[in-house]
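Only one chain is included here, represented as structure tokens and corresponding to the form predicted on its own.
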């Protein structure tokens, strides 16, 4: 019998998709789940997939790979789509596409499937990734084909087919989670004028529920890589997990934005990304401390383009690879530490230190000990303004 590999999250959509693919295409369904932070109970997930009719289920812990090969380059790029979204879901999709193809090739499957909607961005990220890596694989997207028009109808289908699910009609949020952040959609969140209720959030506290006193943390970097928290060295995945807990307790990392999707519509998106918010700010501050003005200003242009490429599903593109090389080229200098103040929803840089710092207090100070040669300013002004001298004289 022909086989298909389904990118399986264990949520409502993909759980229904297992049975639907069997009924409508006659496939033996192999489920693949990338463990990048969103799977708490592997046994439960395997049982759910089996109950839905899966032939096999592979759950692979990819957190280390995700942190090293996807999150770290995004930190170096200071990647935030439209200046806000840290791209948590967008970064995970190309890695899932890569492993989806590997499982399909290993298991002799002729096709792959996913649970993305027809108007979302993830369908692009997964399908472009699959086609870049193996264009011979057939791609099926049940949510673009099946008869269900609402999540309520899917819930009824799951109940009829005895598929165990967690979602109910009363709690109808769609949540996608990995270690770099959480995307929360559906229900009341679709009204852009309504404030997201507190029960929508997973790992951040409301500002009025955070500790009254601020907390100071110190993040250490070696060659651009975050390596320590408050002087204690730890692997990147551990550091991210720790920051999600620490910064989340202070309400840091909530994003509520109107986002321009690739497919052309605007959508209201709610995200949580405490660790991402802190690490992106910390790296940005330290890099600005050790790199020159021309580099920093030009990098901002490239950072925006990089975020677009990732968001638009073009991870497997020559330009993204070239930009990665550019951002990596200066990381040896990004060594030092950054002090961050966590206070009622804010992560504020209040200190930075590096042996490569270009900052010189004796040049910047207006106090005693100032070594800046003010007499040089006259000539500088003359030469700097020379091309424009008399340009608009009437």
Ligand code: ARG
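None of the values given here were measured: they were computed from a predicted structure. Positions refer to the first chain, counted from 1.
Keep in mind the form predicted together with the named molecule is missing from the figure; the text below concerns it.
Asks: My question is simply whether residue 183 lines the interface with the named molecule in the predicted bound form - judged by any non-hydrogen atom within 4.5 Å.
Replies: Yes, residue 183 is a contact residue.
Asks: So in the predicted bound form, does residue 244 come within 4.5 Å of the named molecule, heavy atom to heavy atom?
Replies: Output for residue 244 is no: heavy atoms all beyond 4.5 Å of the named molecule.
Asks: Mark residue 175 yes when one of its heavy atoms lies within 4.5 Å of a heavy atom of the named molecule in the predicted bound form, and no otherwise.
Replies: Output for residue 175 is yes: heavy atoms within 4.5 Å of the named molecule.
Asks: With a 4.5 Å heavy atom cut-off, would you call residue 311 a contact of the named molecule in the predicted bound form?
Replies: Result yes; residue 311 sits at the interface with the named molecule in the predicted bound form.
Asks: Looking at 90, 290, 307, 126, which has any heavy atom no more than 4.5 Å from the named molecule in the predicted bound form?
Replies: Residue within 4.5 Å of the partner: 90.
Asks: Check each of 324, 218, 284, 269 and return the one that places a heavy atom within 4.5 angstroms of the named molecule in the predicted bound form.
Replies: Answer to the contact question: 269.
Asks: In the predicted bound form, which of the stretches 229-237, 299-307, 205-213, 116-124 has residues with heavy atoms within 4.5 Å of the named molecule?
Replies: After filtering at 4.5 Å, what remains is 116-124.
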